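Only one chain is given next, in structure tokens, and it is the form predicted on its own.
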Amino acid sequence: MPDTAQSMKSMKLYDQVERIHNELRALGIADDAPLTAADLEPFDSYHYLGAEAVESAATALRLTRDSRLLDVGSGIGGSARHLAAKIGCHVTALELQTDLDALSAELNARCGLAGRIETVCGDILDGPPDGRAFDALMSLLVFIHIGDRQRLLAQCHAALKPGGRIYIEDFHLLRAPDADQQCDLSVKVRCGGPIPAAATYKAQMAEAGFADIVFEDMTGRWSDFCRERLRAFRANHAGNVEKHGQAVTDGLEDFFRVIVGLFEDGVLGGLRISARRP
């Protein structure tokens, strides 16, 4: 695994990703059994608000069956499967981490969606896969990990056809973190660099060449989501230990706790961003 991808494993959400098999086994689903995208939706999204967020992206991007979508930081493929199954669009799922990419391909095949989803293990900073241009680009809670924001946005712009649309869900900075919070952001959340304030973020998007930039503040809803996620995870502590073991359970709970604290202490806010390449 490349060094950059390996360093992501200090963020426990991305460690031991094969735990989704434990969730399926607990439901009596064998490792080689056929699946549907709906079967996986309770477990395969690392962003907030699950299918609602993906539906918001689909609307903003005006996706149709003929659309070709690039999903940047596609994880284990939950968003790609939802869109391929529901809309029928073709998704290129670009993921840096080799274990997530391999698991995504496995789950896509089990869902019968390998023909609609192309998995590519790679880095958006190296440019769009094979230099192709897409109708739309989506990225959900990934850009925070990428430090070179100028190059990132330039490559996203290059990945779109003229008139193509981009949809991003990401964090923005509400106030400067203290030393302990900065350590959590750097190590446990794996921030790739400074988190921009909303006004800075919008200016960066415009400088990269995007137009019709719309920001929607998601801070309150995301904070509520993260608080409920932590409460539910703690309430099922014994069950989680039985499925995943003590170390994985403790690591996830600590990660969920850190995120709740960053929201509640007024450090992080959330944004939905949509824009267009002219």
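Computed from a predicted structure; not experimentally measured. Sequential numbering from 1, following the sequence displayed.
Not pictured, yet referred to below: the form predicted together with a small molecule.
inquiry  = Within 4.5 Å, heavy atoms only, one stretch in 179-187, 200-208, 160-168, 121-129 touches the small molecule in the predicted complex. Which?
reply    = Contact-bearing stretch, as computed: 121-129.
ask   = Is there a heavy atom of residue 263 lying 4.5 Å or less from a heavy atom of the small molecule in the predicted complex?
value = Contact with the small molecule, no.
task = Could you confirm whether residue 91 comes within 4.5 Å of the small molecule in the predicted complex, counting heavy atoms only?
result = No - in the predicted complex, heavy atoms of residue 91 and the small molecule never come within 4.5 Å of each other.
Partner proximity in the predicted complex: residue 84 to the small molecule, non-hydrogen atom cutoff 4.5 Å = Outside the cut-off, so no.
message = Although the partner isn't part of this model, could you tell me whether residue 155 comes within 4.5 Å of the small molecule in the predicted complex, counting any heavy atom of the residue?
response = Judged by the heavy-atom cut-off of 4.5 Å, residue 155 is well away from the small molecule in the predicted complex.
key: Proximity to the small molecule in the predicted complex, single hit among 240, 223, 67, 45 (heavy atom within 4.5 Å)   = Looking at the other structure, the residue within range turns out to be 45.
key: Residue (of 111, 96, 103, 195) lying close to the small molecule in the predicted complex, criterion heavy atoms within 4.5 Å   = Residue within 4.5 Å of the partner: 96.
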